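Form predicted on its own, single chain, as structure tokens, below.
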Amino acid sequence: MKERPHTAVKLTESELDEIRTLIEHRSAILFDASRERFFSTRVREHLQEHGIASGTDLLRQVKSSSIAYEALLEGLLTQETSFFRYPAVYEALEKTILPEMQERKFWNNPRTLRIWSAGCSTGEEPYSIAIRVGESLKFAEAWDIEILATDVSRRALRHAEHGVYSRRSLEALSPTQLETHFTPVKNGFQIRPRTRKLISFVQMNLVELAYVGKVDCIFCMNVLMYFSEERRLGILRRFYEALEPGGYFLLGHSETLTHTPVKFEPVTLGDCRLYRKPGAAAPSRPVPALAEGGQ
């Protein structure tokens, strides 16, 4: 594909403000002063990449075309992501969250586990969750497992559903994990159907949250920062309602729920801070010793 020549684009502060306001009005996503430099740089890059001469022309396009608007929004929301990006979080999933779910739900019929990856981007997070669940949950084949993966970006979800990743993006996986969960293909490695079937990919804006049913655990990494304080609080309340009693809520490393009125219980495990919804019922009878041995 021939690259477009890099020419100067015309973009004023008032145009940037209008673009920012338009995005907040349509998607409730806020690029505040703390991300001013990031926002202006990404908008300029979008103009260059798409051969758009000015902010005025961009505004005309995004107001008249939902495709043009989505293309702009996707460029602004693209984030660095990788498999097992926060090792301490996946260690907490393996050593604390899944054992608790195992004990609490072992005698349930059906025996279900539902995990929500909110803001799943190109799929590395939900696939990492699926891999760790398969490795860590005792008698995993006897469970009804669903990982709900949602994102506002159609393009990111298409990538996630296709499930093809370069060798470099899979560096955090062990050779056994790579062989178990991926098949070599022309452009890298593709997730195997057995792992892929655990995940349901759905386009969703968290502000316009649809009914998702009850879940046991929610991953929401580096997503809430894109919303105003009022919007964040509304999203957090919906997350709290969606969680089963005793369910866990996980944020990115730099995020916190300090001074938030939603009544999560903070739990610190090594380098990882988790949040738990109180009120889990105790298991009606102990899990058999066989489960403890993982046989």
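A residue's number is simply how far along the shown sequence it sits, counting from 1. This structure is a prediction, so every number in the text was calculated from the model and none was measured.
Keep in mind that the form predicted in complex with a small molecule is missing from the display, and what follows is about it.
J.: Can we say E80, S121 and M204 each have a non-hydrogen atom within 4.5 Å of the small molecule in the predicted bound form?
T.: Judged in the predicted bound form, E80, S121 and M204 all sit within 4.5 Å of the small molecule.
J.: Looking at 102-110, 140-148, 216-224, 171-179, which stretch has residues with any non-hydrogen atom within 4.5 Å of the small molecule in the predicted bound form?
T.: Result for this chain: 216-224.
J.: I29 near the small molecule in the predicted bound form, any heavy atom under 4.5 Å?
T.: Flag for I29 set to yes.
J.: Using 4.5 Å between non-hydrogen atoms, is R196 touching the small molecule in the predicted bound form?
T.: R196 lies outside the contact set for the small molecule.
J.: Taking the small molecule as it sits in the predicted bound form, is R85 near enough to touch it, meaning that at least one heavy atom pair lies within 4.5 angstroms?
T.: Yes, R85 sits close enough to the small molecule in the predicted bound form that at least one of its heavy atoms falls within 4.5 Å.
J.: I131: heavy atom within 4.5 Å of the small molecule in the predicted bound form?
T.: Output for I131 is no: heavy atoms all beyond 4.5 Å of the small molecule.
J.: Considering A160, I97, I115, V152, which brings a non-hydrogen atom within 4.5 Å of the small molecule in the predicted bound form?
T.: The residue in contact is V152.
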